[in-house]
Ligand code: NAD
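First comes one chain, alone, set out as structure tokens in the form predicted on its own.
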């Protein structure tokens, strides 16, 4: 059996994926992957990720996370994901994005949005080419998801609910953020407003740490002006990998997949993990955390703020509506899965998947899929 067949069998089931598309344009050197996992509830919404080391497996896993995320949030959308295999800092970025847009023009059941390596401008290029995308700039009638911090806002609301299950006071809680990008910086901003103190943050260049707290707005300014958190002066500079060793109360992984796995989960010193990135923690690591009393809220529950706002934008709603829906949906879903977790003795992910999959299967029954 070849590798592609093994991957296909491992990551396919009764829910999907429905389509796996590989795109290659030799002249523009465009290589991309699109996975439409499930559209029983409606057209799939999912971000366009851009990184040089993306794989089909990663995009398939992310697409499934979007199916579960949209279902858990009660959105009339299925899940999908796309990946452009390129350095997001390339000078040909606009050309690649536009070429990608033309390549997916026939995929009417997939609605692209921003993700790691892409932003509102990228969605504007896609919209210009094919006339649909979400996370658009305001000038085009969109809700700029990264600018308003939709995902970060939702994670902060998730923390408000989760803290009650582990007797954690957000006022003075020590926050550690892995990946101080579009999601990470907004998580820090919104949690700081709730009283939390950012003590450490990382990006690909390194980690900064100050046990007495880091000024979030100052760190954001340094990141935007100089490109990395390591240039922040009022903090100790450490290696990127040192972040996991820093003690805190809330840990938010907000970058690439599988940052926490079975090999390093034992070094993580925290009370609460809120997954800001999709598939940020392996299933085995999640179980290990739960066994030692660390609450880890699954990705598709905690970080649904961005796609909830995207769905509001898709139906031509306002930013005010988006924030209201993010707050109500994420608070309700977090409470529902944690009530189920602790009342039935389940792992949080198992409880969340039960709820989300039940909704997907229900939608499929009306579409003649089962």
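The shown structure was predicted, so the numbers you read here are calculated from the model rather than taken from an experiment. Residue numbers count along the first chain shown, from 1.
The next section is about a form of this same protein that is not shown, the form predicted in complex with nicotinamide-adenine-dinucleotide.
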Problem set entry | Whether 116, 202 and 254 all lie within 4.5 angstroms of nicotinamide-adenine-dinucleotide in the predicted bound form by heavy atom | yes
Exercise. Out of 133, 250, 183, 82, which one falls within 4.5 Å of nicotinamide-adenine-dinucleotide in the predicted bound form, going by heavy atoms?
Worked result: 183
Seminar exercise, completed: Students should find that, of 162, 277, 175, 273, the residue having a non-hydrogen atom no more than 4.5 angstroms from nicotinamide-adenine-dinucleotide in the predicted bound form is 277
For this session: Could you tell me which stretch in 71-79, 116-124, 90-98, 103-111 has residues with non-hydrogen atoms within 4.5 Å of nicotinamide-adenine-dinucleotide in the predicted bound form?
Result: 116-124
For this session: Indicate whether residue 146 is a 4.5 Å heavy atom neighbour of nicotinamide-adenine-dinucleotide in the predicted bound form.
Result: yes
Exercise. Is there any non-hydrogen atom of residue 179 lying within 4.5 Å of nicotinamide-adenine-dinucleotide in the predicted bound form?
Worked result: yes
Problem set entry | Interface membership of residue 329, nicotinamide-adenine-dinucleotide in the predicted bound form, 4.5 Å heavy atom rule | no
Exercise. How about residue 240: is it within 4.5 Å of nicotinamide-adenine-dinucleotide in the predicted bound form, going by heavy atoms?
Worked result: yes
